[in-house]
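The chain below stands alone, shown as structure tokens; this is the form predicted alone.
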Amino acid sequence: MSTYAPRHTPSAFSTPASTTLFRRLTWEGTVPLEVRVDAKELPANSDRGLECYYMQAPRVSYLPLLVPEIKRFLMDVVFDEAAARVIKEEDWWFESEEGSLLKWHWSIGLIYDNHTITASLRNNSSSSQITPLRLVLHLASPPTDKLLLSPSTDACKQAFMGQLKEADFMRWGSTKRMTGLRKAEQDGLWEGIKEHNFDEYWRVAAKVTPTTTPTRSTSPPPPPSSASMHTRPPSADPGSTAAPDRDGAYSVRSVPVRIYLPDGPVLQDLVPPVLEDGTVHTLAKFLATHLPLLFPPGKPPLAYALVQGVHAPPDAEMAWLGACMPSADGWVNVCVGILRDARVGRF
């Protein structure tokens, strides 16, 4: 079984301590996976008692980045030398235990949350017990007509960079911040994901991701226990006379957000951090606007929202979520589940 240990190295960027705390908690999140080779595709002379591999995978990672580790296990333990010579890694692809194709361009955390919610509906269960996501690994014949991307690390990197640029456009109305990065910096974003290195990734990502409070280079960031963890910058409060923070989370044009419904479509719209009446845009207002039947205003909700595997509170501000809990590709992924019991997941 494999686990990914967090790396604690000195940070080279200046960000409020409370923001860095939540970003690190998100980064260090993992999900349990069970990877089993399709029994019909196991080569001859394979050890059929060991074709299953368990691992704790980083939420921010992607399936193609796990293939080398899974391959090492299979080559060392399951396949014989003859099979190892003929099997081609580029032909590998994954399905869920139920036979659904898994999207290579989705982060592992998003796949896990969406699948867990969908499976709970199919099983008519609302259990909150954490169970491994069971994946079936196919060794040949990828269905290229159904897969959005070819099963390769390079294709996944291209999709990842495309998502970062789209998120950049959603926030600022242009992709200048992303395209203004040097190639080495853009590559550093992907290398941070590959190596699961928090500081390497955020050293660059901090240049395109908004902050929750104005950054002052002449003063140290506030400690985690300070009131800044629970308050917005003065420029975000209605009626404030403070100068707006150009790089602040409450100054963006729109927070990059997507709603994922179980077995349903993916919804995307402009999500301003502050509404026209001057009030701060919260998760409750956002969901009531886009899913009023599931989140009726003034009534108990019929659904719940997961962000990075956490039941998000209704008063969470969209701007804060965009700065502190986005996926590595810059998007806030809101997975919506249906309540089976009023006591489970209620806001």
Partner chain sequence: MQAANAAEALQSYSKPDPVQVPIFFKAVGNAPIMKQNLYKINALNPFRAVIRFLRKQLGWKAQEPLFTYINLAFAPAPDDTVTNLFKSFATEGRLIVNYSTTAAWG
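Residue numbers count along the first chain shown, from 1. Quick caveat, the model's predicted, so the values are computed rather than measured.
Although not depicted, the form predicted together with the partner chain is the subject of the following passage.
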Quiz item: Which listed residue (His138, Arg253, Arg203, Arg177) meets the criterion of a heavy atom within 4.5 Å of the partner chain in the predicted bound form?
Solution: Arg253
Quiz item: Of the options Thr153, Asn114, Thr211, Gln163, which one has a non-hydrogen atom that comes within 4.5 Å of the partner chain in the predicted bound form?
Solution: Gln163
Quiz item: Taking the partner as it appears in the predicted bound form, which of 169-177, 80-88, 273-281, 203-211 has residues with heavy atoms within 4.5 Å of the partner chain?
Solution: 169-177
Practice problem: May I ask whether Asp247, Ala319 and Ala328 each come within 4.5 Å of the partner chain in the predicted bound form, counting any non-hydrogen atom? | Solution: no
Self-check item: Contact flag, Leu42 vs the partner chain in the predicted bound form, heavy atom cut 4.5 Å
Solution: no
Quiz prompt | Exercise: Pro262 in contact with the partner chain in the predicted bound form, heavy atom 4.5 Å | solution = yes
Quiz item: Is Leu339 one of the residues lying within 4.5 Å of the partner chain in the predicted bound form, judged by heavy atom distances?
Solution: yes
Practice problem: Give a yes/no on whether Asp269 approaches the partner chain to within 4.5 Å in the predicted bound form, heavy atoms considered. | Solution: yes
Quiz item: What residues of 291-305, in sequence order, lie within 4.5 Å of the partner chain in the predicted bound form by heavy atom?
Solution: Leu291, Pro292, Leu293, Leu294, Pro301, Leu302
